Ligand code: HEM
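Just the one chain here, laid out as structure tokens, in the form predicted alone.
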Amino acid sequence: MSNSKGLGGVGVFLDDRTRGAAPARRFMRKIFPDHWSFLLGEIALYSFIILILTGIFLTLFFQPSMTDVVYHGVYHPLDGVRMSEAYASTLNISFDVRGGLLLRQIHHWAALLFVGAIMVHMLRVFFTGAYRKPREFNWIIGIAIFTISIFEGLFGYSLPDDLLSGTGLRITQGVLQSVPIVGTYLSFFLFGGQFPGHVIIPRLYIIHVLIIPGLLLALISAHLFLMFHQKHTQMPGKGRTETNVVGAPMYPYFMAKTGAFFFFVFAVVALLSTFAQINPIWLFGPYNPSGITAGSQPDFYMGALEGALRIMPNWVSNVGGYTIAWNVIIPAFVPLGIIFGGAALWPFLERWITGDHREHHINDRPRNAPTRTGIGMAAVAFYGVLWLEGANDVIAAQLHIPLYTLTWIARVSVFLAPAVAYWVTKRICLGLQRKDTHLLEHGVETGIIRQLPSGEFIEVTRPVSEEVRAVLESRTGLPQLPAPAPGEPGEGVPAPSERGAMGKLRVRLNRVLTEGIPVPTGNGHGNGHAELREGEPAAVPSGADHGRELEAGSPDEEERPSGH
């Protein structure tokens, strides 16, 4: 009892001075929907927290200096070797600082998990249509976080100044120099003169530990604020509408679950760091501009850029006295520019094609948007071919395939694989839609065979459950053009003008984007070829009430718990 009084007194003391009791209550009552795919964003967030914690530890011992020193540490194979102070301090962290190697590896594994979780999380958002109104800005923030995190990883693994990271910096310098007219100036500005110079490591250190983490922290905070303010999207299901959120409250359910999940993520990263070696810089040796590590590979998120550089044919032009290295400019900026630029523009392009200006809080099942899902898989195939080509020398050596044969296979596949992935994915989605339609119309097969008085044998079916029916009937499809005249302002789809090339293009694109199998109307089981068992519950009508709808605009009632 005394503890309760003490806590109450503290609460009253703080509320009298901050007036924070009411906002805190609303925060604690916030409802969060429950679905396994929502954990992907949490993995990225918790990986970022692990990166911050381990990065603080590493900064206490790392020396961001390119001053030459002679190593006399405990790693005897490099005893007496001249190296930069940055490389020597990294060896010191790995072999002399208690727990240093473990923390280094946790930091590196967490960086890989951070970027990987962002990638998969963005794919989930794209495939489910969670980027649609009103979440377009949050989608763009996510793309910015992903782009910045790639540079953060590049600069981070360049800091030890070993032979592998120096090779990556050499490629970065080549990309900068390929920029027409200003490329040489950009390279001189970053490296402070000729490569590698003496200032690149200190500059990368400031960017890596101060500038980019600050940007990431600001963007992640904005991302979470918008998600919290706009409500979390939810997967289709019974009782879920565009005007409510079905799930569990922040306190105590979500806080307990997400707190435990943080420790699960940390445990997985710690186990990986304990048993799976990563970035053993002592095997590569200090950086020497005249050397290169055989079979060197960057971290996976830079593999696509590496592959694009390897796949590009030799193509150099001389225009007005300036050399333009197309074989570097195009692979360095075009492939990832297409993916990131296309992803940023897609929400607005889709809205223009469909004329759909409604707010969406219920996610799509990927099968219910076959064209969008096909485009997403085409982008994955495009990225995957470039990523594999980044290791073409290792693949050629392991599989005993000529290197240039692999290069030509990749040059063909980079165009063919996305087209095949798009077509196959779209056919699969349409096939799954037909399966869902069959379930709604005919029900679930029971395996029971019954003979009718006429002598005909039929299989008895039963209707799908209410939960499954709610999921299957969530497929509303995208609006088709031309559409009826709009109703209330902001509702419906305005009829497009079919005059001119843009109008006709919009209608054609709309036909492709809205392709799908119509959702059956009625209660199902109306075909006369199956019979329900006696006492079997009737099918739930498609227009049945799937749950109490809560009107939008009432902040105290827009969310309700699911009963957890």
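Numbers follow the displayed sequence, beginning with 1. The model shown is predicted, which means the values in this text are computed figures rather than measured ones.
Below: the form predicted in complex with ligand HEM, not depicted.
Are any of the heavy atoms in residue 93 no more than 4.5 Å from a heavy atom of ligand HEM in the model of the complex? Yes.
Proximity of residue 114 to ligand HEM in the model of the complex, heavy atoms at 4.5 Å: Result yes; residue 114 sits at the interface with ligand HEM in the model of the complex.
Whether residue 59 contacts ligand HEM in the model of the complex should be assessed with a 4.5 Å heavy atom distance threshold; does it? Residue 59: yes, in contact with ligand HEM in the model of the complex.
Counting only non-hydrogen atoms and a 4.5 angstroms cut-off, does residue 107 reach ligand HEM in the model of the complex? Yes, residue 107 sits close enough to ligand HEM in the model of the complex that at least one of its heavy atoms falls within 4.5 Å.
Answer yes or no: in the model of the complex, does ligand HEM come within 4.5 Å of a heavy atom in every one of 160, 205 and 299? Result yes, every residue of the spot touches ligand HEM.
Scan 273, 392, 279, 437 and let me know which has any heavy atom within 4.5 Å of ligand HEM in the model of the complex. Comparing distances to ligand HEM in the model of the complex, the residue within 4.5 Å is 279.
If you check 156, 366, 307, 286 against ligand HEM in the model of the complex, which one has a heavy atom within 4.5 Å? Looking at 156, 366, 307, 286 one by one, just 156 meets the 4.5 Å heavy-atom criterion.
Any idea which of 23-31, 50-58, 508-516, 65-73 reaches within 4.5 Å of ligand HEM in the model of the complex, heavy atoms considered? Looking at the partner contacts, the answer comes out as 50-58.
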